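The chain below stands alone and is given in structure tokens; this is the form predicted alone.
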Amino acid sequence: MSLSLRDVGVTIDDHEIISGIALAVAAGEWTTVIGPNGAGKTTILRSVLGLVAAEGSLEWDGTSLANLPARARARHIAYVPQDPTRPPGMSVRAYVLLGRTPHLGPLARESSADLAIVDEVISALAIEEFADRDIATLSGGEAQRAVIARALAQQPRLLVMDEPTSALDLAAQLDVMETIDQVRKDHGIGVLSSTHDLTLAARFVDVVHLVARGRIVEAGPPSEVLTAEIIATHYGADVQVLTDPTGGIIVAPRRSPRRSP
């Protein structure tokens, strides 16, 4: 199973948001889109999800996404939004169970098989200790793991995530990213995400697409795209790109020389 976008564009109110977008996500591969604010990252994700009207070719395993009804699309593609709704009064277990909705008939109730899938996902993400708590009471990291669990309960082949760690502290960021990385490797799930954290992107993803002014201007493995020169050109930021002992990349701002009084 794979996702393929070719010459994809989105125009809203006569304003071109993205144009000429081409990317692919294979089974088990993690692709991320990066770029400055307003570059069009979220619009790319929304075009895959069918949340905005798009021109061009968007295919899932050779089938046009435009020909897949929303429920059918949700059986293949799950979404982790940047700011997910957490209904107060709903337990984490009930929230995760919502992920089974695309697999149910219009009047069908969850079966024992659906409940077993939810239990399996809760165990895989190690959230048993708060599975019966009100989801509105969870910390940011706990809540994000619950949101990912709901997405995985859909049994998708592609996970689409918009800034999945933007509101988390450092420990929770690493926990969430490592969880996603392990799940996609264990189950061969493709991942398409957006992020502003270039260091985290370099550590976990396979392919980086840099978007600027609605177009992909650079694409490749993190080591080729995340260079000081490319970042300076498209972000207008003076950074240094370091390699840690494990081979990861650290993108750090340069310190400006202190001016004399």
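Residues carry their position along the shown sequence, with the first being 1. Not measured: the values here are computed from a predicted model.
Below, we refer to the form predicted together with adenosine-5'-diphosphate, which is not included among the displayed structures.
Asker: Taking adenosine-5'-diphosphate in the predicted bound form as the reference, which of Ala24, Ile250, Val239, Ile17 has a non-hydrogen atom within 4.5 Å?
Answerer: For this set of options, the contacting one is Ile17.
Asker: Counting non-hydrogen atoms within 4.5 angstroms of adenosine-5'-diphosphate in the predicted bound form, say which of Thr227, Thr31, Thr199, Thr42 makes the cut.
Answerer: Of the candidates Thr227, Thr31, Thr199, Thr42, Thr42 is the one lying within 4.5 Å of adenosine-5'-diphosphate in the predicted bound form.
Asker: Tell me, yes or no, whether Pro36 is in contact with adenosine-5'-diphosphate in the predicted bound form, where a contact means a heavy atom of each within 4.5 Å.
Answerer: Result yes; Pro36 sits at the interface with adenosine-5'-diphosphate in the predicted bound form.
Asker: So which stretch, 229-237, 42-50, 55-63, 202-210, is the one near adenosine-5'-diphosphate in the predicted bound form (non-hydrogen atoms, 4.5 Å)?
Answerer: Comparing against adenosine-5'-diphosphate in the predicted bound form, the contact stretch is 42-50.
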